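Take a look at this one chain, the form predicted alone, written out in structure tokens.
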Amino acid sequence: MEWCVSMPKIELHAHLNGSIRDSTLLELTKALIGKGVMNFSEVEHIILKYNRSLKEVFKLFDLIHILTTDHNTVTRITREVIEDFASENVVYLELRTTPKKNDSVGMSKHSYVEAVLKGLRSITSVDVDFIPHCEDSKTLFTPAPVINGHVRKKIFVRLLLSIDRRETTEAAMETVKLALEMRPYGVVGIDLSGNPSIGDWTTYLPALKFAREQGLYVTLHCGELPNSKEIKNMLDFRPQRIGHACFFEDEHWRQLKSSNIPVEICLTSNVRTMTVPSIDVHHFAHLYNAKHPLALCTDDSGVFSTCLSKEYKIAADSFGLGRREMFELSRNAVEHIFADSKVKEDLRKIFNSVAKKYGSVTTVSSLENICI
């Protein structure tokens, strides 16, 4: 496990609120005692439990939804989640979140995102780069300082705003317009997520098309349920990435491979939610052996009691892959990020600087040739 932690990693499918620390969740829940919001005894054992059932997982999601509707909580969770990913050597993080409204505390979608940005700015334990590289931002970031002989950790963070499948076309369009407004602050794309049994693909399509026309990246939760028509329509849309891909039929696999759309793989999440029956039959192996572009991710690290290092260890143990293969898998994920070429170049340098440690001697130039 130690080498998995020390290895630089790329995280492309992490939901902000689902990555909340158990300790923070417990503290925030206790604060609701006496306010009549919930019965603490009904959820305490779930928070303290490690291997949660699917029913308990959804109970936690309901609890988190209640807790994350004020600005200070959103700011705190953002700070802690980024610190946690940085602590295990995640060097690039795309954090996705659904902008919320809470009229009782004056929260709008806009102020929600501002609370997230406040969390980004409040981090002092590591250096955080969350503004896209451009001429105007070159002076905002300096090389990571050396403290007591050690280089201070740095993590690149980009934000994706999520369209919830419960939303109307108008609400989805509002989220896209907000993403465009917040693009100067590190918002790079749009995600479609939420309960996969709710909503119709045509509802979100106008907003997703508009996002792509305006230069925003798009990733879709795709194939979380057996819905052949929707999966085909999503693949026809040609997003820059998709997440999960659990209920694909043969025609979907053929279409996916011909389009070369990268897949965000969430091993623990898929097993815990029972969208795959067991890890040994997970479609990761199928895609990996086909040399299809993919990236290992956590989905909801807090709710599923995992971390990105653990996901790499699970993949290595379950599919017989060594350190070199895992390192190359992580490094190849650089090519699928929703950031500009300067960030990609910086990340390639980070991976190249430690390549020999993991049995890899691939250079930047040859790396570009083998990436799919």
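Note that residue numbering begins at 1 and tracks the sequence as displayed. Every value quoted in this text rests on a predicted model; they were computed, and no experiment measured them.
The protein also exists as the form predicted together with a small molecule; that form is not presented, and the subsequent description refers to it.
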Specify the contacting stretch among 122-130, 248-256, 200-208, 220-228, defined as having any heavy atom within 4.5 Å of the small molecule in the predicted complex. 220-228
Ala31, heavy atom within 4.5 angstroms of the small molecule in the predicted complex: no
Indicate whether His65 is a 4.5 Å heavy atom neighbour of the small molecule in the predicted complex. yes
4.5 angstroms heavy atom contact with the small molecule in the predicted complex for Thr175: no
Under a 4.5 Å heavy atom criterion, is Tyr112 part of the interface with the small molecule in the predicted complex? yes
Which of Leu26, Leu321, Val343, Val57 has a heavy atom within 4.5 Å of the small molecule in the predicted complex? Val57
Residue within 4.5 Å of the small molecule in the predicted complex by heavy atom, from Ser87, Thr273, Ser108, Asn233, is Thr273
Do all of Glu83, Phe156 and Arg348 end up near the small molecule in the predicted complex, with near meaning a heavy atom within 4.5 Å? no
